[in-house]
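Okay, here we've got a single chain as structure tokens, the form predicted alone, with questions on binding and movement later.
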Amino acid sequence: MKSSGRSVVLDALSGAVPARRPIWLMRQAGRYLPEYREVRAGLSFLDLVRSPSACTEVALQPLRRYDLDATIVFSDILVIPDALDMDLSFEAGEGPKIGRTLLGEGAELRWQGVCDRLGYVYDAVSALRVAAPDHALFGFAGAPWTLYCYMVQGGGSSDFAKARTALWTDPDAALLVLDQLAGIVVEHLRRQHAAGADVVQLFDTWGGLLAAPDYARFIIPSLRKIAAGLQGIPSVLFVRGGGHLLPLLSDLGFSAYSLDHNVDVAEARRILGRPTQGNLDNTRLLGPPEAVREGVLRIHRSLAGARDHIWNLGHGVLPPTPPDSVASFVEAIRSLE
């Protein structure tokens, strides 16, 4: 009898030996799939995110195509700033925009009852739990620092210079906001777990922008608060570009750590002492199948027989990715001895 994806993912996160190598992909539901584009044709991105039925449909699409072990609720890290009434919008080709920034005029935010305004996320988790009972279900949230970056900057950026400057300009105010966000993130993730998520993942997409001493001073306290608030819930922390931060992350208490493609898996596992996830360069899926297989074999060798690794990418599936490349990725892993 084939083990469920749910069981193999949870076994890997507990440090046990799963019956097979668990696989899923960040952004596995998205623009690279034609069926996703069909759903999006009639909806804005925020309309999609706020529709539990549409979210469930797009989350199921990759499960119909590929032999994956997990699904993830279709949502966005910026639903928290949206619930804070920060005037969030998504403009085609430009990414997210926040009209009311933390440092702008009228920056008083609705800190109370934020998660009460995010019921559509928990409804989407519940619907996906029913629709995919045999798959591990991931909930997720943006980490406080990554949320802070957008909330100060007002949108996407390559360096988030305004947000970093704000740390030095008024460190006490920054620490207060990061702590407030940590409390909201804990509640948001716990509610997703209560709605049916087996695992919750925290995305610190812009963590790697900070030097280790600054990350230790400003960010680690909020991550400790979140990890403490998630005790008893399987959890994964992803710090993009955070290879230099691994020694700071090792004792936080998350169940596992997701690795970007710049990190050596063997060295990261030695430092962290926990199960791992990810690591394949997502641009390999833009190349030929041989490039995908080469990347998979490199990680396989670095794991040196360890089975408590969840196969995934170092970041999300890129929009130009051919669907057949995702199939090549899954097949390469399934064919490992």
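Sequential numbering from 1, following the sequence displayed. Computed from a predicted model, the values in this text were never measured in an experiment.
The next section is about a form of this same protein that is not shown, the form predicted together with ligand CP3.
- Judged against ligand CP3 in the predicted complex with a 4.5 angstroms heavy atom cut-off, the residues 254, 257 and 303 are out of contact without exception.
- Among the residues 182, 72, 121, 80, the one placing a heavy atom within 4.5 Å of ligand CP3 in the predicted complex is 72.
- Residue 203 belongs to the set of residues with a heavy atom inside 4.5 Å of ligand CP3 in the predicted complex.
- Contact annotation: residue 99 falls outside 4.5 Å of ligand CP3 in the predicted complex, judged by heavy atom distances.
- Proximity of residue 171 to ligand CP3 in the predicted complex: non-hydrogen atoms within 4.5 Å are absent; the residue sits far from the partner.
- Although the partner is absent here, residue 28 lies within 4.5 Å of ligand CP3 in the predicted complex, judged by heavy atoms.
- Of the candidate stretches 289-297, 32-40, 303-311, 265-273, only 32-40 has residues with heavy atoms within 4.5 Å of ligand CP3 in the predicted complex.
- Taking ligand CP3 as it sits in the predicted complex, the stretch 310-329 comes within 4.5 angstroms of it through a non-hydrogen atom at just one residue, 315.
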